[in-house]
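Next up: a single chain in structure tokens, the form predicted alone.
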Amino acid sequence: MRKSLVNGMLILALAIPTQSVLAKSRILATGGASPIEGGGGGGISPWAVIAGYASTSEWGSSVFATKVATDDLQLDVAGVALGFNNRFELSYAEQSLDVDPLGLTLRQKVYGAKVKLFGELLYTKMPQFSLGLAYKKHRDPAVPELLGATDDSGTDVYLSASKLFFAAVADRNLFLNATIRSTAANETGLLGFGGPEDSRSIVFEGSVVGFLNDQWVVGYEYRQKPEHLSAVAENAWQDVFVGYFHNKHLAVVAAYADLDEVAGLPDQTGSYLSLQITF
């Protein structure tokens, strides 16, 4: 994670008071955190929620920086998201993966859009459903091509359903999300798109989040991954996380991440840390 970006975000966050005229209408934490591909969601998977706290006739924005560090890998991500009317979301993220044993850096840009279809996160029995797109463009395609990837860009299409249940477990709130994704991406696109095994796959992602109180949450995420490349194995990603929502402007998420085998490197487990500032 670039030091200058993180320092700037921290200074900006500390300058925003806990009660601010900039605060939007939705309840704290209902915009989620920032996934590694941008937008509103968990750490490794998008949710049906729209980023930020903008409600009807409002707009909002957020910026984030994330670092994932395992034994052999360093993934740095930074991005921005815009939410409109609690209905539409646009996002952009840049990813940089350092593969230390091989001396490689793999970079990718992700352009995202999401629209709320129907249902509500709160107060109704029907979950909130959203449809999302993520167009990904690899900036260093030589390595993916050597591994058998057939393209340097691709578009993920996903459908997410999210629901917050009040006082569901030990009088604490419980959040559930399920996402179905159609993707051609290898390792989320960091190893290119498509391959000799398959050109596109349908995969599942899920999140469970428990609220300890209004500001602290704990949870688990699972992200199924396709296997398009015969040269390297690809496995599901998982994480166990704790999140702190200081106010509607500052959120921090820390996690233990299990990425299994990535780019032929086994047992990639380590830390995940993300800082999000919302306006």
Partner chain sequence: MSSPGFPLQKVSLVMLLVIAAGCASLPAEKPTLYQQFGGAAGVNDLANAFIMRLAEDPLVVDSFADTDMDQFHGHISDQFCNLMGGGCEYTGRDMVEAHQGMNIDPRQFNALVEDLMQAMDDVDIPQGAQNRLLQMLAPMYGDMVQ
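Residue numbers count along the first chain shown, from 1. All figures in this text were calculated on a predicted structure; none of them were measured in a lab.
Another form exists, predicted in complex with its partner chain; not displayed. Remarks below refer to it.
- Contact with its partner chain in the predicted complex, defined as a heavy atom within 4.5 Å, is made by none of 61, 82 and 250.
- Heavy atoms within 4.5 Å of its partner chain in the predicted complex map, among the stretches 96-104, 71-79, 159-167, 132-140, onto 159-167 alone.
- Within this chain, residue 204 lines the site of its partner chain in the predicted complex, having a heavy atom no more than 4.5 Å away.
- The closest non-hydrogen atom of residue 120 lies within 4.5 Å of its partner chain in the predicted complex.
- By the criterion of a heavy atom within 4.5 Å, residue 27 is counted among the residues contacting its partner chain in the predicted complex.
- Interface residue remark: residue 109 is not counted as part of the site for its partner chain in the predicted complex, having no heavy atom within 4.5 Å.
- Annotation for 148-176: interface residues with its partner chain in the predicted complex are 165, 166, 167, 168, 171, 172, 173, 174, 176 [heavy atom within 4.5 Å].
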